[in-house]
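Taking the form predicted on its own, here's one chain by itself in structure tokens.
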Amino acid sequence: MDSKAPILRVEAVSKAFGSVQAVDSVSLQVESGEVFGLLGPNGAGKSTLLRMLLDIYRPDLGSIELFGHRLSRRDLDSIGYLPETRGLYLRRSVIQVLCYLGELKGLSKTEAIESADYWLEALGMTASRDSKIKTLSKGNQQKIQLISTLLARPRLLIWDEPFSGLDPLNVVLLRDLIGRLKSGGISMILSTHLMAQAQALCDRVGLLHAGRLVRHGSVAQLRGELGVNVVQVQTDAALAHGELWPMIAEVQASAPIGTGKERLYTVHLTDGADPNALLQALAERSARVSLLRPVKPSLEEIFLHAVQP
């Protein structure tokens, strides 16, 4: 495979179940060594699209290329998949379950045990090696399932809602793990409805709504394209929406800063308004301005803007 070629290429893929169009002409690609976020609310079509990438569902239309060729069953051993709906053998020990799942991926028993022990140590789970799955907390069961996707040294990880069930400490651990895996050259698809996590972790994202890809690109690119006109202003003027400030559509103010009259305002400007118009209005009122800076929209704001009718 050409090292510069995308590890995954999806071209105009569609899938319907009866009258329900679950995925509608989606095209995207995932580059080698990148973290790609597949984002959207429940029911957007994320899980259906992922199942087509794994040959669980066949697309009605379109094509999928993986590792530089049309997707085939032999590619699946090179993919680590965490499904949205999970399940482990609760009455078996952690090492028994991981060994079994590793062997299903083509590892020998010795290789499976060595890989399992490595990842158990990496995720702080060595003490639970011989414990039955049913005795573990929900978060620790989730970590075992994550480990199961890493056993066979995958080239591509597809994780559907990987943060589900994790407490804040384990969220940080998982974020660190994703960084390590990326540094090791593993490509990843993260499917999630947690926009803040995707914004922090992903190189590029695709926003799905009602089966369609409504936005895609790098996080920086999407945040720069939207043009949501929001600024932060620290001033002693009393900013408010109304006739005195016609360029202001909405405003939120902090408590007074220090002992003076200054506040930090988050100002949503009216469509087409220039921040310089606000600065000029402040100057005309001889207001003190300590700060004026644009505010980049979050992925959540970008998504909401993209799906508005």
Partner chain sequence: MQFNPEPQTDTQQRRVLVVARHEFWSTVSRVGYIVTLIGMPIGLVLLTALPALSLALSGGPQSLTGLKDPDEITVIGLVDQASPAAASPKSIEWHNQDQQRAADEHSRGSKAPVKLDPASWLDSRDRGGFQPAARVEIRLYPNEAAATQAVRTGEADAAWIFASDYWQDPAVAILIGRLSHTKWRVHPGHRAITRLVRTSIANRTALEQSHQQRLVKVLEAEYQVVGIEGEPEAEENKSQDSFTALLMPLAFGSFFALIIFVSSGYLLDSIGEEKETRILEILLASVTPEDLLLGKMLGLGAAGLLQTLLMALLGLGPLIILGSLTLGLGQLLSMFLCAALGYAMYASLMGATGAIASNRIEGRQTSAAWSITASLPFFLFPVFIAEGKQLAAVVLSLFPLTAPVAMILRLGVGTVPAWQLTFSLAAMTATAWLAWRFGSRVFRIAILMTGARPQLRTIWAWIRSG
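Residue numbers count along the first chain shown, from 1. All figures in this text were calculated on a predicted structure; none of them were measured in a lab.
Another form exists, predicted together with its partner chain; not displayed. Remarks below refer to it.
Contact with its partner chain, judged by heavy atoms within 4.5 Å in the predicted complex, is confined among 239-247, 263-271, 22-30, 57-65 to 57-65. Just one of L136, A210, I95, L88 comes within 4.5 Å of its partner chain in the predicted complex, counting any heavy atom, and that one is L88. This chain is drawn without its partner chain; in the predicted complex, the residue among S187, Q197, N170, S115 with a heavy atom within 4.5 Å of it is S115.
Among heavy atoms of P154, some come within 4.5 Å of its partner chain in the predicted complex.
Contact annotation for W119: at least one heavy atom lies within 4.5 Å of its partner chain in the predicted complex. Proximity of Y81 to its partner chain in the predicted complex falls within the 4.5 Å heavy atom cutoff. Its partner chain is not drawn, but in the predicted complex it has a heavy atom within 4.5 Å of E103.
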